Structure formats: C-alpha cells, structure tokens
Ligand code: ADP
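Encoded as structure tokens, the following chain is the form predicted alone, with no partner shown.
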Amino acid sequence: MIKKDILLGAVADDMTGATDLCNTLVAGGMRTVQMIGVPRPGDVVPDTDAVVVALKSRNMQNVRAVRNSLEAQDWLKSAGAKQFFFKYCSTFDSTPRGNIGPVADGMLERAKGDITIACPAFPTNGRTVFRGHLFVGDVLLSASGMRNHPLTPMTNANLVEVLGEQTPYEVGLVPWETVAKGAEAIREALARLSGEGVRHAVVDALSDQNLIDIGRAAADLKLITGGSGIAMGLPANFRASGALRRRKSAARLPRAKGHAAVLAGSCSEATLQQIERMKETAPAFHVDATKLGGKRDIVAEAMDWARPQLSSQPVLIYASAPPAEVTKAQRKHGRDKAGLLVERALAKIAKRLIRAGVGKLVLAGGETAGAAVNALGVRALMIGGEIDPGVPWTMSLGARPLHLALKSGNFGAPDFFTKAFTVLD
C-alpha cells in the first residue's frame, strides 16, 4: 500500500477542510498527502507521515456518513496510523440532525477509545471557543453569517448542546480556566471526565498556544476531533516519541504551468468579498443558478466567454450569490437540487478549463471543490506552501499534474483570489 507506516490518519468531512488540516500538518514538519474519497484497497501514496482522506460527507445522511468515514478509517489503520483525527469545519457546520456526533461516535468505537475532544477553534481566522460557545470574530456563531448558511444554518453557538443533540453519550466541557494552565491540566481534566463517563469533551481555546497545549494533551487519545487548529501540537508529539524526524520544510511543489482560473461556488460572506475584489481587476462570468437545468447551455456559454481571455490573465467564474438570490434559486429548483445543479455545472466547467490549458485552478467552497476534483479524476494531492491561513497550494498526483488551491468558503483575506497566483509564481 505505502512504503512505510503513517503516523496520523485523518478523515475530513469535506475537500477544503481536508486541505486546511494538511496545511497545518505540513507547517509542523509532517509530510502529508491528501486522498480524495474513500481510498481503494490498491491505492498507493508516497512515503509520508500523515494521510488525510477528504470525503464529501458533511451533508450526507448520518448512516452513509458514518459508513464512509469508517471505511476510510479502516484503510488508514491498515496503512499503520497510530492516531486518528476527524476533521470538521471551524464553524462546526452541522445542524441538530447533523452527523458530527454519529461519525465521532463510530470512529471512537472503531479506534477503541474511551474519550475524544471536540475543538473547532482557529483563532487566526477568528474562530474561538469560550464556555463551550463558538465565536466568529467578536460575535457568537449564531449571530454570524453562518446563521444564513443554505445547507447548515447554525442557530446555536453552544457546542455542548449542539453535540449533545447528535450523540447518546455524555458531552462535557474543559473550560478555558483549565486550558490556560497548560497541557498537563487539560490531560488531567480529560481523565477526570472520562472517569465520569463522558465520551466527548468540548475544549475551550482562545489562542494558538491554547491549541498547541490541547494537541499535546491529546497525545495519547485514540481519536481527536475538531478543526485544523488542534493539529498544531501533534507533530511535536510524534517528534517527542522519536517517530518523526525534524525537517526544515515539508512543503515543496514543482513549478506550476498553464493558464490560471478561479471557480467559486461558496456563498459565504468571505467568498463574496473575494469575488467583488477580483472583479475590480479581472474578467468575471456569473453562473446564475436560476438559469441552470433549462434549455440554455450555461456551461458552454461560460467556456465561450473564458477561452479568449485565458492566455492573458486569470479569469473568474462564479455561482456564488447573496442569501436572497440563493433563496430564489432554491424556490425554483428545490433546496437540494439547486445546490446539485451548481455543483454539476462548475464541475463541468472545471474539466473544460483544464482541457483549455488551465494548470492553476482555485476552487472556492467545499462542495464546489469536491465536485470539481472528483470530476477531474484527482485521487491524491501533495501539499505545498500557504496562501492564507488554512489554504495552501496543492498539486495533484498523476499523469497530468495540476496545481489546485482548495479554499473553504469562510477562509482567506479579501484579496485571496488575486494573491493566490502571485504566491504560486
């Protein structure tokens, strides 16, 4: 399967979240490969320290999400993984009927663990947890733009309550006062909660140092769950055990070739700002979701528009829209069908862009990235340098390498799209 046993095996519930975790591990000195979809028995990856399996399970029905996650975990175990990680979004994208709890329960049982932690905090991008409540910047998650998310509207910022509705097991809290005392205090708190029958411990975090201490405290846990932030302390754990050697850099990619393009499907506030910024200096084509599924060939129209411009500058093709326009499309097509039509259209455009000579492609939004990467037949990615916190450049492994940036909808500075290609060049 692979040349040597891996140290960390992770399962992510979407494409961009997987890349975010890979980015954190690479920054910590772990060579990391991202696999796309449940690995097949014969899949081969390079000699590496960590493998992150990117699923498209965030909005799956619980039974299917658990099944796919456990299949990926079994493959990672057969690859020699010493510890497992379940990665979900730093905004805990999951309604009360969501699958974070069921997947965590299944993976914890499969790993034969007693307790796991839940910590989506990512302070660098404004995600913090205090008293078990998730904040986005200075506001509660429930008061942020996530309250209007078309698929996972987050109306409760209390993670203990949200997770408690998804699992039959006890959910506890490790408060910031304990976290601030360091790794040993966190470790003791987890042992105490486990003795009380708690299976899931939400852990407060306000700073990167908190995350590093949480990661160190989790060294002996069979399973860790959360955002990419708590992975900051994991490479040091493996180095301390002698399993990971020190290296200056784990992020190296060959030089990129070909034209440049951005495909955006996320309707997050951050992506909408990035689109408006790029439109100031680059040509842009809007894929109107209300016009998909009819007689007009929107994909062909987008490509007829794009081809003459690719050789001179990056182009932007986007289906992203503000909440009112999203609602209009959902009323016309139905909620699920509207999203599926957008995904399919952008995936087809991605394939045609590559045929037209694009070799550097930014994909904005987890659903968009997942659909496009699957349509392109990409099975694995090498992880390169960071563009903005949580978003690195990657390169597909295979006969025709492509440089891809898979951006979570909520991530990136307003100039992310234009900056991305400058960083790569």
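For clarity, every value in this text was computed on a predicted model and none was experimentally measured. C-alpha atoms forming the largest set that superposes within 1.5 Å between two forms make up the rigid core. Residue indices: 1-based, along the sequence shown.
Keep in mind that the form predicted in complex with this ligand is missing from the display, and what follows is about it.
From the list 69 to 77, 258 to 266, 238 to 246, 180 to 188, the contact stretch for this ligand in the model of the complex under a 4.5 Å heavy atom rule is 258 to 266. Proximity to this ligand in the model of the complex, defined as a heavy atom within 4.5 Å, singles out one entry of Ala338, Ala157, Leu316, Met107, which is Ala338. Residue-level contacts in the model of the complex: of Ala302, Ile115, Ala289, Leu141, one residue has a heavy atom within 4.5 Å of this ligand, and it is Ala289. Highlighted residues Ser320, Val326 and Gly365: every one comes within 4.5 Å of this ligand in the model of the complex, counting any heavy atom. This ligand in the model of the complex comes within 4.5 Å of a heavy atom belonging to Val342. Proximity of Ser408 to this ligand in the model of the complex: non-hydrogen atoms within 4.5 Å are present. When the rigid core is held fixed, the Cα atom of Glu196 travels less than 2 angstroms between the shown form and the other one. A movement of the C-alpha atom of Lys77 falling short of 2 angstroms is seen between the shown form and the other one when the two forms are aligned on their rigid core. Core-superposed comparison between the shown form and the other one: the C-alpha position of Thr290 differs by no less than 2 Å.
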